[in-house]
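Just one chain follows, in the form predicted on its own, and it is written as structure tokens.
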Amino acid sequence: MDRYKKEIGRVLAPLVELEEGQVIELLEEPPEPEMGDLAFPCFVLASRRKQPPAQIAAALGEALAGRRGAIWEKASARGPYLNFYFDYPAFGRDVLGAISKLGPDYGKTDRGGGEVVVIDYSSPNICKPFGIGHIRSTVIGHALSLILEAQGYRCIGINHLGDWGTQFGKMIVAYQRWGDDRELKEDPVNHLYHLYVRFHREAEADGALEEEARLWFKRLENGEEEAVALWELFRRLSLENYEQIYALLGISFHHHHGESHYNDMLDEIIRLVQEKGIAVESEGALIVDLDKDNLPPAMLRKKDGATLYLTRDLAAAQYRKRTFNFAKALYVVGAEQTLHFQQMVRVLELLGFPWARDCIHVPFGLIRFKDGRMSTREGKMILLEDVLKRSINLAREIIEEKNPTLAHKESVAEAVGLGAVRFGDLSNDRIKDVEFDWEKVLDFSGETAAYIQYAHARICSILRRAGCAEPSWSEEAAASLGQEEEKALLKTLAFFPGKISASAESYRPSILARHLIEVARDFNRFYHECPVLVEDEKLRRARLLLVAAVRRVLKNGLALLGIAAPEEM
């Protein structure tokens, strides 16, 4: 599609007195096929020409009357838009030819030039089960990693574990008082979680527990052997549990650098802010005054000498720049932390780091519940593992009911069940809150991953019946697709690379996810109106090329969202 936009930009630029790039940015896809394939809105010229947009469009249409480009056959005005209509024989050859030639690389670019992007995502808290609340950061971050890799970046995934803080003093106290070695061995994370909940329940009646926990955390900070040994045990058992979830989701990280990783780097950050003269003492605490930036003060050290989450993130940013020399560092963290990252970036700027602007917060909305938010302290959690297993079980039940002879039923059930949970999140604009609803999570009908996966499986079945997994290329056949459903499908396939780029540029996997729904929808319309395995050999070959291209786009797109594409369902 880029080639078509560039051609239109070259033709229009001198007529509208804009740069080619400006014209390309303004081009839109009309809502209806009869309105053309790409449209230029003339509103932007109205004030300069002091004419109504419709009059400008009409004049441009007259200027291009009778002309055709190398890849478009006509241009005509309709209201305030100048609409361009593609030369579909050439378009069919271009689109299907590109998909046939590039295969699994269709949609990829080298735009990133191998530059490094560090992505901080998932970040569960040690000693607590992996709750559904962490699904958003986990799947959004993983999808962005895959999408940016497809744009030519080298992505480094970092799991910034919550593995430090006063809660570990609480965990040590709880384990020493009520812990059970057998339960810890059999079900470590859930046992630790129940101890954490019990601590807060008991602390409501016994205030001395909080002080005891503070003392144990101080011993941990001081490196005392007993405290460190328990902390290391809790961390190892938690991470082993999390790795099982990540393995199920097909996610791996380059580094599990939790908060504790930066303990030895905090003194340097404190020294830097003091040397730069940007930190001041306030009631015994060390702060950076950000009043000129309309931000509250950034506290880096409490009056008792303890550092804060912000201090660790400053140390982490500096470590990541030194270690990986990133072009961008993404933080896939909830929108409620927006102020925190604004403060972090501003302090880095005040420290004189020009790369501070490359530290980018990628916020997302909360998962909300009908009966209020989750509370780990009160023991109110929906476990991600339970959600994934229930989704897989439901997929298995549906397969047993509708296709009991299906081969590889277990792997298909996993692909469908896991895909439903992933896509249910990724298809939403990340910035919006999502309401958790068991019925929605376990609903495989409508605009879901299963809808896309089924379209892919149906195409695989067509190709098997045709006796050709990959139809042989034919320019003549590719140029012969002219029915409206065929043209609509071609155009949707052509927009696929641009949707990947848009997802990468805006850090929104939902753009790609929604486009895959459109591809599947347009395929189903085509399939209903245009039989593929017809007797006419030329038409049969053309439509086989088209459905094979759809299969490739669906498979490539699902892969970039971390979702499998079964060949049978």
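Since the structure is predicted, the reported quantities are computational estimates derived from the model, not experimental observations. Start at 1 with the first residue shown and count on from there.
We do not show the form predicted together with a small molecule, though everything after this point is about it.
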At 4.5 Å between heavy atoms, is N125 in contact with the small molecule in the model of the complex? yes
Please run the contact check for H142 against the small molecule in the model of the complex: heavy atoms, 4.5 angstroms, yes or no? no
Spell out, yes or no, whether the shortest heavy atom distance between Y331 and the small molecule in the model of the complex is within 4.5 Å. yes
Might W438 be said to contact the small molecule in the model of the complex, defining contact as any heavy atom within 4.5 Å? no
As a check of understanding, the residue in G131, G112, G157, G162 with any heavy atom within 4.5 Å of the small molecule in the model of the complex should be identified as G162
Here the chain is shown alone; which of S472, S282, N393, Q337 has a heavy atom within 4.5 Å of the small molecule in the model of the complex? Q337
For the interface check, one of 403-411, 191-199, 288-296, 337-345 should have non-hydrogen atoms within 4.5 Å of the small molecule in the model of the complex; which one? 337-345
Using heavy atoms and a 4.5 Å cut-off, decide whether Y451, E518 and D522 all contact the small molecule in the model of the complex. no
